[in-house]
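Here you get one chain, nothing else, as structure tokens; it is the form predicted alone.
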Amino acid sequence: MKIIVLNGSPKGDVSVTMQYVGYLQKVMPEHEFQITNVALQVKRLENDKEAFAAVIEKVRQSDAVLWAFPLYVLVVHGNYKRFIELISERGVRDAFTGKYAAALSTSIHFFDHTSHNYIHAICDDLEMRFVDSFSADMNDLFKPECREQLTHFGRQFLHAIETKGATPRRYPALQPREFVYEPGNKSAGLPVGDKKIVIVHDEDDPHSNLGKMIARFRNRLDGNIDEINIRQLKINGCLGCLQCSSKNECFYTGKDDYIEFYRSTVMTADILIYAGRMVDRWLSSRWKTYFDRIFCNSHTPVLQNKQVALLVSGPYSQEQNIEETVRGFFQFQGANYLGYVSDEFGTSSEIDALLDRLAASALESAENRYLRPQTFLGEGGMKIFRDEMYGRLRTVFMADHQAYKRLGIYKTFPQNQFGIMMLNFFVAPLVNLAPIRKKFDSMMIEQMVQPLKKLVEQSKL
């Protein structure tokens, strides 16, 4: 079998993910794995159509495609997404149609599922036959059981190709609607006061639905609003070099516009509005590059207590995976995600009303410093990073370690909470003695509620 491996790492062959591919090559020498570094070479593939055509010809000549990639900020790297966009832009989807496909990634299991969901959905859109995915920790290859499971994954993939096995489609095709948004009369502007509001977008056409949604939202506010088009900024793609890990000093500091813009404009905002179009199953690759570069702060939350919302053009609600990445990212960052307004439902006047309500809600929430409780997305994500930074990643990510100490993140360890330790050490053994436990179980429900009832009764209006 001839398998083309589309490498999604900006580091090319010097990638942890490629070592997993190398292991598959080692244990299955009877098959050819042809690695193509599409993320590393994406600028060349964009500018040199012959080079891009050569990659697509390799896809045509292959029996199957292995999408292999590291995770970058909840999805794939922006360069990888740009390659995926080029497939449709240049009309070569047919090269992938009917091909068997699988996905292989490495990470620390922080939102690895959303990255795999994205690739699976892309394969479904290309009418490929998606077999399976394998999401490994960066260091799993050292474990014999992982190597065994990786081998099984590879052989299962190859068996499906050889036997022309049936594969289910998980993601229905997106159904964008033909609709022209025409905003109505401008409502009276809401006073912004001393709140700093920043609108960040990638829209070049002010007459598009998105362009008019941005204008409607901006005009609903009375005050100074910063509006930035990230297509007009010089933003290089994240190299994955980890230079930022010791002191949060990005390799590109002083070499492009991103660091100064993000730290002086985004991180100082009270209200952040991000606006973009759906491009395949996410926002544009330009937006993905923007999010990748947030890694200059490593794994430290830097948007704490900000109010954040999304304006989007396209069938956003049909792709819940992107909403999960957005919610998860802003929860982990400590921001209050207010939700989104899209042009996929409703009349123009109904969209006007949603935009007006969003503007009012953002101002009110900022004034009251409202921060709703995190769900599993933020809570679980932060605990993954907390444990990793305290443990194996501390040596490399010293900037994160220092920030987590400063922000009190390590204090959430159960062993750092004195009251919980005393309860578990002294009370738990007594409660779990058989005679006491029987009585405790009969009282437990009432005892759980009693302190809360007391607090409610004593609360003042």
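Since we're looking at a predicted model, the values are computed, not measured. The first residue of the sequence shown is number 1, and the count goes up from there.
There is another form of this protein, the form predicted in complex with a small molecule, and it is not shown here; the text below is about that form.
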Heavy atoms, 4.5 Å, the small molecule in the model of the complex: which of 109 to 117, 347 to 355, 164 to 172, 309 to 317 makes the cut? Say which one.
109 to 117
L242 within 4.5 Å of the small molecule in the model of the complex, heavy atoms
yes
Are any of the heavy atoms in Y80 no more than 4.5 Å from a heavy atom of the small molecule in the model of the complex?
no
Test of understanding: in the model of the complex, would C238 fall inside 4.5 Å of the small molecule by heavy atoms?
yes
Indicate whether the small molecule has at least one heavy atom within 4.5 Å of a heavy atom of Y252 in the model of the complex.
no
Just one of Y262, Y181, F96, F295 has a heavy atom within 4.5 Å of the small molecule in the model of the complex. Which one?
F295
Considering non-hydrogen atoms and a 4.5 Å limit, which listed residue (M138, A215, A160, C146) is close to the small molecule in the model of the complex?
M138
